[in-house]
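Heads up, the chain below is alone and in the form predicted alone; it's given as C-alpha cells.
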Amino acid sequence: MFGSSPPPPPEREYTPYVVFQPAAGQGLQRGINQMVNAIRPTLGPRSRFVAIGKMDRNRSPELVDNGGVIVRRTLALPDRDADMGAMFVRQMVWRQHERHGDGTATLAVLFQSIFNQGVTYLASGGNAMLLRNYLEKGLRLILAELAAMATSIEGEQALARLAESICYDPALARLLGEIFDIIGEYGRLEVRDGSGRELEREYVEGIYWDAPIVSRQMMEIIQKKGPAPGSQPGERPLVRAELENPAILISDLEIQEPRDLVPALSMAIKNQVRNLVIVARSISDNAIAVLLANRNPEKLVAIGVKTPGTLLDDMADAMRDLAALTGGQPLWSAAGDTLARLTPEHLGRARRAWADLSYFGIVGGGGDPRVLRDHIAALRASFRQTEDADARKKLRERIGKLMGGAAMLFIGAATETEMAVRKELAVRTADAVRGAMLEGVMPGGGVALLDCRPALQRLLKQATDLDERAAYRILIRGLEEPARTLIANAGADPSEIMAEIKHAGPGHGFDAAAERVIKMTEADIWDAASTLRGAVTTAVMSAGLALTTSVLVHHRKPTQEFNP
C-alpha cells in the first residue's frame, strides 16, 4: 500500500541509535510521503478506495476512503526513520478526524506540499526557524481571510446540499438534512446498523440517557409498548415502565438496606406523590423487593433507575443536567447526603418518565425555564472554550439532551462491508454538518483556500527577507494542492483546469461531478468552516514543526516478557 523503501541494517533494526541531518530529514520525508500518498486518493467526490488487508488472510480486505481510518489502521513501517515521519502524519490526521470528522485528506495534501517545498528550500541554505516563523505569520493571514468568507447555513434543503457535498450520497444527504433541521446542531444522533438495504430514521420524544431500570419486574408496574431508542424499524416493540407526572429523586446514592427507602416512600405518600422515579447509583435486591411490594397505584408507584454515567464525573454531570431539567435538588453521596434528609423540595418534576432495560427518559421536564436556559448557556460557553475532543463531544451531547432533540439513523446496505463503509461515512458527514451549523460554511472544492492567495501575494510583494518571501511562496503553492488533488482524482488535468479557474475569477472551482468550472456557492458546494480552518492550522503548524526537526532518536524495541 505504501510502496517499498530499504530497511535499515539488520544489526540496527531494534537497537538504540541517533540519526542526524541530512539522514534525519530524508527519513522523515520518506515516511511522510508514503503515508500521505495513501490518503491522497480519498479526496473529492470521485475518490478511490484504499484496501487494507486483514490480519486473517482468509478475510476480504477492508475498503476505506477516509484518511482518519487509513492512518489508524497503519501501525508501523519497516524503515524506522521513515516510520517516524509516518507516525507524525498518523497522529496529526487522526487528531483532525477526532476533532472535526472530515478534512483529513485536505490536511494531508496541504501539509505534504508545505513540508516538501520547505525541505527543498532548506537544502539550498534557508533558515529553518525563520521559515517556520514566517509560515505561522502567513497562517494568521489565511485564517483571517477564511473567517471573512464564512457564512451561516440553515434549513433542510441547505443542510442536505451541504451533506451531499461532503458524502456524495444523495439519499444519505437528504436524511441528514431533515434530521439536523429537526434536532439542531447539538441534537443527539445515533447511527446504527439497519435491517434491510434502505436508510431509515426515527425521532425520539423527550430526553433519554443510557441508564437502565434496576429490575425487569418493575416494567410490569405499568406496561407500555413502543419502540425503544436504538430498536430497528419493524422490530418487535419492547415493554417499558412509563409514569405520568412523576416526581424525580436525583442521587448517586448506593441504597443497600430496605429501611433506607422508608423515609423517601413515607415522604412521597405524605405529600400525595403518586408516581416516583428514584435515580441512584445502585439499589440492592432487598431494596428492590420493597419497591416491587409497594404496588398500590392509589398510593404510590415507584421505580428505580441507575444514575447515568460510568465515571464519577459523568454521573455528576448527568445529575446536574437532571436537576436543571426537572427542578430537583440532587443528593450527593460525597456530601454525606442520605434519603433520611429528603424533603419535597428535593424532588424534580416531569410530564412523563419511562425506563427499560437500556434507557431512562424524560418528556416535559418541570424545571424553571430560566434556570435551564442559563445552564445550557454555561455548557455552550464551555463547549466554545475547550479544545479537547472528548470534552467537546460530552458537552455537545449534554447540550443536545437538554434541548430535547434526538434521532436514530439506521444504515441499510446489501453487504456487511458496504454497511460498515456507509455507516462510517454517515458519522463523518454528521460531524462535519454539526461543525458547519455551529461555525458556518465557506465555498468548497478547495476554492476558499485558492481565494486566500491574493492576500499572501500582497504580503509577498512587500517582503524583503529571503526566508519570508520563501514562506509566502510555499503557502501560495500549498493552498493550490487540495484543488489540484481533487481535479486529478476526478481524472482531469490539474494544470489545464487551474488555468480555467484563474480565468473565471474568485469563487470559482472545479465541480468534479459535473466536470466543469463553476461558481461554488451557486452550485451549493460547501466546506464546513471549522473543518477547513482546523485542517489549515494543523497543516501549517505541523509542517513548521517537522521542518525544524533535526535529530531522530531510536529506542530499543521493548522486551516481550511473559507474565503468567
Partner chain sequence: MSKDHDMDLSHHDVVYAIAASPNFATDGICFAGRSSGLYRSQDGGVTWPSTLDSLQLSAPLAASAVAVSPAFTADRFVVAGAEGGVLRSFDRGDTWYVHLLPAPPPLISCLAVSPNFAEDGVLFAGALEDGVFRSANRGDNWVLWNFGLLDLHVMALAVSPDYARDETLFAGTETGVFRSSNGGRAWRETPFPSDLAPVLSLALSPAFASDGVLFAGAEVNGLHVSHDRGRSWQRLGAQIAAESVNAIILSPYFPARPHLLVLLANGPFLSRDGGLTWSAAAGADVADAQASAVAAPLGLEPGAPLLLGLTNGDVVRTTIS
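Worth saying up front: this structure is predicted, and the values here are computed from it rather than measured. Residue numbers count along the first chain shown, from 1.
Below, we refer to the form predicted in complex with its partner chain, which is not included among the displayed structures.
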Q. Quick check: do Asp79, Gly544 and His555 each get a heavy atom within 4.5 Å of its partner chain in the predicted complex?
A. no
Q. Wondering, does Thr386 line up within 4.5 Å of its partner chain in the predicted complex on heavy atoms?
A. no
Q) Does Trp354 reach its partner chain in the predicted complex, with heavy atoms at most 4.5 Å apart? A) no
**Q.** Touches its partner chain in the predicted complex: Asn245 (any heavy atom, 4.5 Å)
**A.** yes
Q. Hey, in the predicted complex, does Gly364 get a heavy atom within 4.5 angstroms of its partner chain?
A. yes
Q: Go through Ala492, Leu300, Leu339, Met403 and name the one with a heavy atom inside 4.5 Å of its partner chain in the predicted complex.
A: Met403
Q: Name the single residue among Glu98, Asp260, Glu178, Asp317 that comes within 4.5 Å of its partner chain in the predicted complex, judging by heavy atoms.
A: Glu178
Q: Quick one: find which of 428-436, 466-474, 204-212, 103-111 has residues within 4.5 Å of its partner chain in the predicted complex by heavy atom distance.
A: 204-212
Q. What residues of 143-173, in sequence order, lie within 4.5 Å of its partner chain in the predicted complex by heavy atom?
A. Glu154, Glu156
